[in-house]
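We begin with a single chain expressed as structure tokens, specifically the form predicted alone.
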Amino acid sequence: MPLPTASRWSRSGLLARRRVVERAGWASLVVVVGLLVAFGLTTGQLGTLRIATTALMYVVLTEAWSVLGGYGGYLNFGMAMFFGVGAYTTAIVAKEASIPPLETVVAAGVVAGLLAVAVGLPSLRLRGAYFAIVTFVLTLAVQQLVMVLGITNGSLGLYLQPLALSARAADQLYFFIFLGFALLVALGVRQIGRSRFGAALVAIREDEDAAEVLGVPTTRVKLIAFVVAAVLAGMVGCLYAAQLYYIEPVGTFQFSVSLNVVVAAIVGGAQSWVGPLLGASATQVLSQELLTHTQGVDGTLALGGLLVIFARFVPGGIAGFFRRRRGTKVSL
């Protein structure tokens, strides 16, 4: 039965509105990327450039986390574990094979992914707070293991070979690497959200038991999402180690890495690819600025306050707030 004329007009108007919003969103993204490129090419403020690079690093980590944490609804506090394993893989492989650290990025991702398989097979059978606690405890366990192994040089850490570039050129290089990485991962997460795999993750988030009854291979879907997040975190860890030239267990496996990712996802909105872009950028610029002017305590308190405010009063984060204001659900 054909739709009434008024209903057809209403539907066509809604579709036209969605197209306008999507085009405006893409145009805004292009403008922002263009401004970032110009900033990276022209800025002489290395401190600001490093803050922007750190923010882009957390964009990648938050986008990676959102695959299982946002679409799948599993609170993962293990990103620091995979990040640190990737960093140490880079340091060890670069040292033993006498190759530049940046050439180990694939190895760092593979090792982190293999660890995710070993960790995920038993732990992903847990749900809710139990899974979150297990990933947190495992991060601490891996950190302690790294502190006593001979190949990691224990608590003394490892040095990496720096690039034969000036400080400004090296900072610019890593800024553009993280900018490109962030764009690729964000667009990849967008495609996941629009795929059958993404729909399976959403079904798990909404009702995992019902998803199993409907034939969704929940364990396999969760494991794949967990491994994807781990591989990306391991690759980020490689870039972090290569940029820093030195890593040690306490700083590399610090819980604040996982916490910052979770806060960024909640603030930005974990259930879309746009949310991590907004949340990671906002929280990292805020925390880095506060860290510059304080001893770090105020920054931690500010992020904790943001977490409470957004979890309580802004469900869905920044992205969800704007979707509700528009009165329509638009996916860029």
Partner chain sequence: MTTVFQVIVIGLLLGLIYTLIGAGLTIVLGVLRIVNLAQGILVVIGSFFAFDLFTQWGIDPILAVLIIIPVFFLIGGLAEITLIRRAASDSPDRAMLVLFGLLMLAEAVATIAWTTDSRSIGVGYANGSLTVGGVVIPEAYLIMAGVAVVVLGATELMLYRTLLGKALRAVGQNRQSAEILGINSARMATIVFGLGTALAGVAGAALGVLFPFSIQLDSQWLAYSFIVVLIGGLGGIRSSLVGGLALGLGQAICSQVLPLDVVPVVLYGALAAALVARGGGIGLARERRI
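Positions refer to the first chain, counted from 1. What you see is a predicted model, and the numbers here were worked out from it, not measured in a lab.
Form predicted together with the partner chain: not shown, discussed below.
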>> Would all three of Ala27, Val32 and Phe176 be in contact with the partner chain in the model of the complex, where contact means some heavy atom lies within 4.5 Å?
In response: no
> Using a 4.5 Å cut on heavy atoms, which of Gly180, Pro122, Pro217, Gly251 is close to the partner chain in the model of the complex?
Replying inline: Pro122
>> Between Val213, Val106, Leu187, Leu140, only one gets a heavy atom within 4.5 angstroms of the partner chain in the model of the complex; which residue is that?
In response: Leu140
> Among 68-76, 162-170, 226-234, 241-249, which stretch has residues whose heavy atoms lie within 4.5 Å of the partner chain in the model of the complex?
Replying inline: 68-76
> If you check in the model of the complex, is Val285 within 4.5 Å of the partner chain, heavy atoms only?
Replying inline: no
> Ala203 near the partner chain in the model of the complex, any heavy atom under 4.5 Å?
Replying inline: no
> Does the 4.5 Å heavy atom contact test between Arg196 and the partner chain in the model of the complex come out positive?
Replying inline: no
> Is Gly47 close enough to touch the partner chain in the model of the complex, meaning at least one heavy atom pair within 4.5 Å?
Replying inline: no
> Even though the chain is shown alone, can you say which residues of 249-276 have a heavy atom within 4.5 Å of the partner chain in the model of the complex?
Replying inline: Phe255, Leu259, Val262, Val263, Ile266
